Every structure is written in C-alpha cells, then in structure tokens.
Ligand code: NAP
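Given as structure tokens, the chain that follows is alone and in the form predicted alone.
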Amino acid sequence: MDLNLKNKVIIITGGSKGIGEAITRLASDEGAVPVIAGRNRETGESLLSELKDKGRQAHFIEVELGTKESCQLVVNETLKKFGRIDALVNNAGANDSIGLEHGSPEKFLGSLFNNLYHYYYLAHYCLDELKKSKGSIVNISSKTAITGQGNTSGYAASKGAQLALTREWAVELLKYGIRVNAVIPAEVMTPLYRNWINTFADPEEKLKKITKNIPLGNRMTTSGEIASMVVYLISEQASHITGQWIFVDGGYVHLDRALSAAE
C-alpha cells in the first residue's frame, strides 16, 4: 500500500528513542521527511546520520520541549529548512511517578510542564502550516489515561488531557480539513519502560505478570506496531478518520478485565 507520504515533512517529538524512533524510521521508509525534535543529542544525531547515509532527508533539532519558546523554535527551524509542515506527531514525555500521596503541587505542575504543555504549543505554532497542507496531528497518549496506574497523577492527568484535546482539536479544525487522532499504547518495551521494570526486585517475574494479562499473544506491543498505526493515520489512506482514540495494545485495556471476569 502506497501511503503517499513522499517528501511530506513530519515533526516527531521524542523521535530518536523508543516509540518515537520507530515512528521516525517508518515515516522515513515511506519517503517522508522526519524532523526529530528531542533533548538527546547523541541518539538524535546518530539516527539522523543513519538516515542520511541511506540517502534519506531528515533533520534533528536538539531541544528541551516544554516552553512555548522552544516549541516555536522547532516550528521555525523546520520551516527554514524545508518550507512546509504536513503532520505533527506529539510523542515526547515520560511516566515520572508524581503521585498524590507522595507528590506535591510543585511536582504535579512540573509533570504537566514536561508531558502536556508542549502538545498544545506545537499544535498551535504548526497550525498555519497545517492549514496550508491540510495536514494532520497524532497525539501519543497512554492507557494510564483510561485505566489509571497509581502513583502517577501528573502523567495520567497529562495523558487524559491529550485525549480530550484530540477530540477538541478534531472539532475545531474540521473546517480546515485537518485531522486529529490519538494512539493509545499500553505495554511497550521502550528504554523508559525497561528502566521502570528494572526498579523491581525481580524484573523478569514482574514482566511475566504483565504479559500474562495482555490477551493477544501474551506479549508486549512492539514500538513498530505503534509506529505502523501512527504513520497510517498521518497518510491519505486515513483521510476520513478524525477525532479517534485508537488502542494498539493487544486488547489489554478492553479485553483483559472481561476475560478475567469470565474465567
């Protein structure tokens, strides 16, 4: 299937590691021009070099997202380099375990700063270009917004807000032909997820307990499976899909509880 993404300029935040890296690679494979926006210079420049060695167009912007100024810089630099923006993939963020009992108002606001604000800022500053291209936005959320997790109020609040904004923007931007969707992963083995698993006394036993509750195949979702959905959603093949929350999770959120109850 030709997704018709050749030469389309796609801003991907957190695009050099984990899910973001998989999105960058697949978008590049489809002929798009990924603009990787993230804080990690080493991984960003390494991925950029690899893509350029293959004769691909790409760009890396080292940036600490969160402030409106940093997000405007990403947009301005993208336009200076390529002259257009066809899609925005809001992906950057981290489950920072800022809870209610052991958190604080200051840490909660800090979590929103790190996980939520840049989703709005980047969409706002990209909007004029997305109007021109009739482009699209994909917000990467998390199952924590639906199921809760415990001890992660800031992250869960951010992810829930991203889902609300997805529907809100989809409504607001209908008149411009701009589509807005969200992809909701559950259990994906990213470097950040591995760091979290390793905090347990027996990481592999913890992992077994988690995968046991993933109905389809009793395995983790891969970053590539998330990327496949994201790249499809920004393509013309998804031209009549907007305002959707799409779960790529092996049935974890909606099936595991029903199956447990039926046993």
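Each residue number is its position in the shown sequence, starting from 1. What you are looking at is a predicted structure, and each value in this text was computed from that prediction instead of being measured.
Although it is not shown, the form predicted together with the ligand is what the next lines describe.
Within 4.5 Å of the ligand in the model of the complex, a heavy atom is found for none of 117, 154 and 164. In the model of the complex, the ligand lies farther than 4.5 Å from every heavy atom of residue 179. The closest non-hydrogen atom of residue 142 lies within 4.5 Å of the ligand in the model of the complex. Interface residue remark: residue 19 is counted as part of the site for the ligand in the model of the complex, having a heavy atom within 4.5 Å.
Taking the partner from the other structure, the ligand in the model of the complex has a heavy atom within 4.5 Å of a heavy atom of residue 193. Comparing 204-212, 48-56, 231-239, 61-69 against the ligand in the model of the complex, the single stretch with non-hydrogen atoms within 4.5 angstroms of it is 61-69.
Among 173, 122, 85, 186, the residue placing a heavy atom within 4.5 Å of the ligand in the model of the complex is 186. Contacts between stretch 71-105 and the ligand, counted in the model of the complex as any heavy atom lying within 4.5 Å, involve 91, 92, 93, listed in sequence order.
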